[in-house]
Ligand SMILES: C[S@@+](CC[C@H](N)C(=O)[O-])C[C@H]1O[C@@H](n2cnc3c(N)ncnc32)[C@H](O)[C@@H]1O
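Single chain ahead, by itself, as structure tokens, in the form predicted on its own.
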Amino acid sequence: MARSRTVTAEIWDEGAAAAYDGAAAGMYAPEVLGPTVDFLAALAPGGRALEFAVGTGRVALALSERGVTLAGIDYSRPMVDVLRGKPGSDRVEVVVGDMASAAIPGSFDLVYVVFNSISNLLTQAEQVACFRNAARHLRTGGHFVVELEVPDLRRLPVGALAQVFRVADDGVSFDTFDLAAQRLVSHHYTVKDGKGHIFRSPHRFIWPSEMDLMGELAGMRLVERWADWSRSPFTADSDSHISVWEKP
């Protein structure tokens, strides 16, 4: 378990933290962030919410403006340092630690992890521990929400190990797969100001049905699953899902 979290800490260093908001600028667009915050705020109106992998605070800061009391856990101190430099960050209680085990006192109406961050846990055991940690933090009747991509393995030719998902003037991005281990590595090659940059991040992808079993092991039950934050129906063709489990 320790090795995969060490890898995560190595990736999200000072350089990655400083560049993160710029690289993820599209996730701050009102048409993206707005429905996300609307969805989450409805599950904790005026209550208390905990974000796993809070990062630089994209969602936490916006949600706190809706009157929700926010706390966060993140493994990367540099990411938390960027969060701490933003207006309103004093409203968010943050613990630097592993979302699979770190604790914040008290109970919460909502625990959530967005933007595929649960896949940064690189073993099934760690992901199950994350579900159990969410359940420990939830009050009775509280909800755990996960946003996660569904790997489009149907587009992966037989025997192929890589899938390109971005080609642009400034670079290319592709995933390489280890199907037996349910692992992928996202490779991002970019050119900026005449210089090349490489960023790689490892992930363990999880099928929705596997996540439902993780929820059951943590004592929670699935109550909603959507294709996006606007509650579009989830189908076999959906490339991501928003899933909600309840602690009964």
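Start at 1 with the first residue shown and count on from there. This structure is a prediction, so every number in the text was calculated from the model and none was measured.
The following text describes the form predicted in complex with the named molecule, which does not appear among the structures shown.
Proximity to the named molecule in the predicted bound form holds for none of Ala41, Asp109 and Trp245, with the criterion being a heavy atom within 4.5 Å. Residues of just one listed stretch (150-158, 67-75, 163-171, 137-145) have heavy atoms within 4.5 Å of the named molecule in the predicted bound form: 67-75. Taking the partner from the other structure, the named molecule in the predicted bound form has no heavy atom within 4.5 Å of any heavy atom of Met220. Of the heavy atoms in Asp175, none are within 4.5 Å of the named molecule in the predicted bound form. Taking the partner from the other structure, the named molecule in the predicted bound form has no heavy atom within 4.5 Å of any heavy atom of Gly215. Not displayed here, the named molecule is kept clear of Leu63 by more than 4.5 Å at the level of heavy atoms in the predicted bound form. Along 114-149, residues Val114, Phe115, Ser117, Asn120, Leu121 each place a heavy atom within 4.5 Å of the named molecule in the predicted bound form.
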